[in-house]
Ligand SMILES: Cc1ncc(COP(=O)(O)O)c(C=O)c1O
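Just one chain is shown here, as structure tokens, and it is the form predicted on its own.
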């Protein structure tokens, strides 16, 4: 595997990062995960400008001076070096390492002028063209005990890791996190996915197209509790007007006809079991199937990229990759 480190592409076993890098010592950094696939005969990173915008927002919040707009060309170079057309691409930008001759290695307040450490790698994924229907996963509900800045894609993922391990020990593939917030028990997200639930309507809504005539379909709103603004979630909200946002109570999981996970590598995935009990008949439901087709159509037609999009640049410098 060839990786990117501070502007150079080199074998993974030759990549070296200082043990005093603040990403290693403090988890002081921002990351982003991308997916590329062959669309219309050419390789394309899905929702690239959305990922760049989100990373820019996180870097600005953290006060790390790096321009994420350079990730596009760097991603293409990394994919070319590895000969990949269908892949997951991971980028991580930390605040960097201090000069130990002038600064203590573990000062909470970083010295000015640090050079960010930029790392990226890519790994093969199944071809987009071969994805025919939603995948299936089992889930376990777990308490969301993480920090309040859920919108920041921080490399400090210990909370996610702990709940993912706990879910795995319960025989589940993913955790659905529930947070006590504003005197309610609210669904937030998975450890690496966003959540969508479909609840049967008390009476059919004849003015809505199937499957929304039979189901109310919602995802936790960003205002309801701390959670990440997923790129796949954002695309689906734009292309499917009947997908709504709002506060979702943990009790709503018990009466959901379908529970769905969405994400960059997850795409649209149906939850087959939650806390050991079956959801539906164990196969992807009509809502999951509809959202899967909407997402694939959006990718095919280029709707994964907004018509007019300017990546967030506030708080970033003109620093380039590496």
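Positions refer to the first chain, counted from 1. For clarity, every value in this text was computed on a predicted model and none was experimentally measured.
Another form exists, predicted in complex with the named molecule; not displayed. Remarks below refer to it.
Could you tell me if all three of 197, 219 and 270 have a heavy atom no more than 4.5 Å from the named molecule in the model of the complex? Answer is no for this spot.
>> Taking 4.5 angstroms as the heavy atom distance cut-off, pick the stretch from 92-100, 132-140, 185-193, 115-123 that is near the named molecule in the model of the complex.
In response: Stretch with heavy atoms near the partner: 185-193.
Query raised in the report: Though only this chain appears here, would residue 228 touch the named molecule in the model of the complex if you measure heavy atom gaps against 4.5 Å?
Result: Residue-level check for residue 228: yes, a contact with the named molecule.
* Does the named molecule get within 4.5 angstroms of any non-hydrogen atom of residue 31 in the model of the complex? -> Close contact exists here: in the model of the complex, residue 31 approaches the named molecule to within 4.5 Å, heavy atoms only.
Would residue 52 show up as a contact with the named molecule in the model of the complex if we use heavy atoms at 4.5 Å?
-> The answer is no: residue 52 has no heavy atom within 4.5 Å of the named molecule.
- request: Answer with yes or no whether residue 264 is in contact with the named molecule in the model of the complex, where contact means some heavy atom within 4.5 Å.
  value: Flag for residue 264 set to yes.
- Task: Go through 270-292 residue by residue and record those having a heavy atom within 4.5 Å of the named molecule in the model of the complex; state none if no residue qualifies.
- Result: Residues within 4.5 Å: none in this stretch.
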